[in-house]
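In structure tokens, the next block holds one chain alone, the form predicted alone.
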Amino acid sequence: MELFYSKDIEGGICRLDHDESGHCIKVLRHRCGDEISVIDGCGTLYRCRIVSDSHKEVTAAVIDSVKDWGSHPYRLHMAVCPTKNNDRYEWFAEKACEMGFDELSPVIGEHSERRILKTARVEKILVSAAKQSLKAAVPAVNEPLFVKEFITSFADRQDTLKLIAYCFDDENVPRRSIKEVLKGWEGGEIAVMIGPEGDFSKVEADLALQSGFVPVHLGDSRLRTETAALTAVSAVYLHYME
């Protein structure tokens, strides 16, 4: 199924940007009168008929629409520290989008080696992943912020299941399996924090626990940041598939 992406859909008219138009006209050879399917990134699929086939800006009339197309029955917010290798982070974002998540917050921890992330590039990858996996919603990507800022912003959220995955053990607050914790959750948003290669600091972990985050583990294996993040997305995805 061919899918196009547009943020410019209003008044029954859909316009594709330069890149999407070029792909539509030059590569796929669509012309006036052809029907195309367009996602808006917010969850709606539009069936449209091309009325102007310029390779610089395709204009199409909306025939009908389907809300929540390709949606999932949960809301998942991933807060993941950028990896030293940008490609690994982008790989995680792409694969996580294929399964289903809603928002990505790059967080900078005390042990983070990378503190800069080009969000525009990640956003572009997510658009492609959403189209490939037949979803009309594209996950939102926030600007990087510090781990402590993210934790504080979630401190008062009572309707969110807040999880933090770290590697060290605390005798006073033992980590539980993410699968076990998800079994007891009956709705609302899920937020999962995944640390950098050097893990979260003890200070960050303590602040998270004080703010209502539940410490979880992802199994016995020691996982890279991007693998741990994708494992968490998989756990949520499979939980709701049961």
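What you see is a predicted model, and the numbers here were worked out from it, not measured in a lab. Just count from 1 along the sequence shown to find any residue number.
Quick note: we don't show the form predicted together with another copy of the chain, though the next part is all about it.
Can you confirm whether Thr119, Leu163 and Ile194, the three residues that make up this candidate site, all sit within 4.5 Å of another copy of the chain in the predicted complex, judged by heavy atoms?
Spot residues vs another copy of the chain: no contact at all.
In the predicted complex, which of the listed residues (Glu35, Asp68, Asp206, Glu180) lies with a heavy atom within 4.5 Å of another copy of the chain?
The option sitting close enough to the partner is Glu180.
Considering non-hydrogen atoms and a 4.5 Å limit, which listed residue (Leu145, Ala140, Val127, Met99) is close to another copy of the chain in the predicted complex?
So the residue touching another copy of the chain in the predicted complex, by this definition, is Met99.
Within 4.5 angstroms, counting heavy atoms, which one of the listed stretches 186 to 194, 171 to 179, 24 to 32, 52 to 60 is next to another copy of the chain in the predicted complex?
Looking at the other structure, the answer is 171 to 179.
Tell me, yes or no, whether Glu94 is in contact with another copy of the chain in the predicted complex, where a contact means a heavy atom of each within 4.5 Å.
The answer is yes: Glu94 has a heavy atom within 4.5 Å of another copy of the chain.
Would His77 show up as a contact with another copy of the chain in the predicted complex if we use heavy atoms at 4.5 Å?
His77: no, not in contact with another copy of the chain in the predicted complex.
Considering non-hydrogen atoms and a 4.5 Å limit, does another copy of the chain approach Arg114 in the predicted complex?
Result no; Arg114 lies far from another copy of the chain in the predicted complex.
If you check in the predicted complex, is Tyr237 within 4.5 Å of another copy of the chain, heavy atoms only?
Judged by the heavy-atom cut-off of 4.5 Å, Tyr237 is in contact with another copy of the chain in the predicted complex.
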